[in-house]
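As structure tokens, one chain now follows by itself in the form predicted on its own.
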Amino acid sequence: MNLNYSFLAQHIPKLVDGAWMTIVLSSSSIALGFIIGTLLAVARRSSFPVLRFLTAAYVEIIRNTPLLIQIFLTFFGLSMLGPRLPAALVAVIALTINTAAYSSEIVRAGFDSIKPGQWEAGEALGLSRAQVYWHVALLPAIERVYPSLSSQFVLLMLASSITSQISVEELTGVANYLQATSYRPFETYTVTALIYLALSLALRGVLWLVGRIIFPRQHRLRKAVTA
């Protein structure tokens, strides 16, 4: 079969819309998942056994079941409880649930890396447990696990392609439509793969820039090591 990419020229607006939907899904889920994951990480270190158990159960269930199944359960489960929500909103909810579980384990590792003396110093200053987390532990913990978080967020962006299975018109959903109508699957998915590659590199660049701004000390240490 002869390759022919010319037909995609007229569908560039559709591909751009699909890429934008991928960006919206990913950015929303990353922000919400990171916040919820951080709260879950704090709960995993709670002094209340029931809270620790429930949090651990949630994390293990999410991390040991396929994302596609989680998306289907969220999609059909929410539709059983009330009015059917837009597919894009359901996708954000499902991706957030998944991201929160993985983020919580990464952030918890960051908290575990904080030396006991730092926790004790915060408590000696009369800070509450919540204040110790906020003023003493949070920023150093995130700084130490930021590369892992960044990788997880990029994986989330790529995994958002699965939401096409519930008719979300993100990049893969648009690609599925184009290849079905054009009968040119190889050309369609080749271009789609290149767009995902560009999005991944762009997201890594944004996360690197955010890291430079939030964690300048880490950047200075790297420069000192390589000097």
Partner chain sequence: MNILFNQTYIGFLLNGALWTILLSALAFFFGGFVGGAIALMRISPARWARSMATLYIQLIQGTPLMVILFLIYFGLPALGVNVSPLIAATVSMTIYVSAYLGEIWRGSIQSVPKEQWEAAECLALTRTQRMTQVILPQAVRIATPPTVGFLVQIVKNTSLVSVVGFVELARSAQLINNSTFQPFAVYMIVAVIYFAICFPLSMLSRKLEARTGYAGKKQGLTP
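Predicted model only: the values in this text are computed from it and were never measured. Numbering follows the first chain given and starts at 1.
This next part talks about the form predicted together with its partner chain, which is not shown.
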(message) Please identify the residue among 26, 38, 55, 164 with any heavy atom within 4.5 Å of its partner chain in the predicted complex.
(response) 164
(message) Although the partner isn't part of this model, could you tell me whether residue 186 comes within 4.5 Å of its partner chain in the predicted complex, counting any heavy atom of the residue?
(response) yes
(message) Is it the case that residue 65, even though its partner is missing from this view, gets within 4.5 Å of its partner chain in the predicted complex, heavy atoms only?
(response) yes
(message) Would you classify residue 204 as touching its partner chain in the predicted complex, given a 4.5 Å non-hydrogen atom cut-off?
(response) yes
(request) Decide whether residue 182 counts as a contact residue for its partner chain in the predicted complex under a heavy atom distance cut-off of 4.5 Å. (result) no
(request) May I ask whether 3, 61 and 69 all come within 4.5 angstroms of its partner chain in the predicted complex, judged by heavy atoms? (result) yes
(request) Select from 174-197 the residues with a non-hydrogen atom within 4.5 Å of its partner chain in the predicted complex and write them out in sequence order. (result) 176, 179, 185, 186, 189, 190, 192, 193, 196, 197
